[in-house]
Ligand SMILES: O=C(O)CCC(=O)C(=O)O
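Consider the single chain below, provided in structure tokens and representing the form predicted alone.
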């Protein structure tokens, strides 16, 4: 009997994810593809350097503003990995960029992804795609295996200027660093993690930028608790629920109509992400 290797790999992914709360590495982009996507991104950064509002939107919505990133979120290797743990009907809630400049003190504190997103369930997974090498020296992510089984726990806001998170949020319990695993990725590789997994990352001590896109896949059955319709991309299966504002592919490269759509959604996301916060001074959205 011929074994179905795709089915075997899917089951292995599902089992490891259920046990540890994450899977890595996932091979996504070739060296040439990474070079193209990074060059396209950095060229767009340069073009927007005199327009800070647009540049901020671009870093939060690269998949809605660059065709190369719209293609990235639909890569079969990522979609298949997400399908293994969420099923066949998928949306992308966001694909925000996390960038640590060379010799940067920027960090990400210990937290769980789903803390402030205002989603009704935990049917979400994040595929973090490395567009430059992510290792301990450059501030790669650290995961605590099995911590996703804790479900949602209390967080506190710090609004620390060196924290890349929306509210500088961090878990309100001590995390033992010895329990964590360094998630080192070569450029073009990805990790996939559960929305309740404890994770963090340190500063970038290298001479290159550490660039990653955190692509948030959710089931189509999810919705915002507020009932409002956040902007998403439909990447797999069928959307029978219509709980979100589904975006078409970008109209072009950095198209004005797409910026207008992203600006409207950013206002909604800011309201959701900063609900009940003592401040809304974070740099995201």
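From a predicted model like this one, the values you see are computed outputs, not experimental measurements. Residue numbers count along the first chain shown, from 1.
Unshown form predicted in complex with this ligand; subsequent notes refer to it.
Residue contact with this ligand in the predicted bound form: residue 214 places a heavy atom within 4.5 Å of it.
In the predicted bound form, no heavy atom of residue 75 sits within 4.5 Å of this ligand. In the predicted bound form, this ligand stays beyond 4.5 Å of every heavy atom belonging to residue 85.
Put simply, residue 148 is far from this ligand in the predicted bound form: not one heavy atom of it is within 4.5 Å. Site residues 42, 56 and 61 are none of them in contact with this ligand in the predicted bound form, judged by any heavy atom within 4.5 Å. The contact with this ligand in the predicted bound form, taken as any heavy atom within 4.5 Å, belongs to 201 out of 94, 204, 125, 201. Between the options 108, 81, 131, 185, the residue in contact with this ligand in the predicted bound form by a heavy atom within 4.5 angstroms is 108.
Shown alone, this chain has one stretch from 192-200, 177-185, 67-75, 85-93 that lies within 4.5 Å of this ligand in the predicted bound form by heavy atoms: 192-200. Residues are counted as partner-facing when one of their heavy atoms sits within 4.5 Å of this ligand in the predicted bound form; in 84-100 these are 98, 100, in sequence order.
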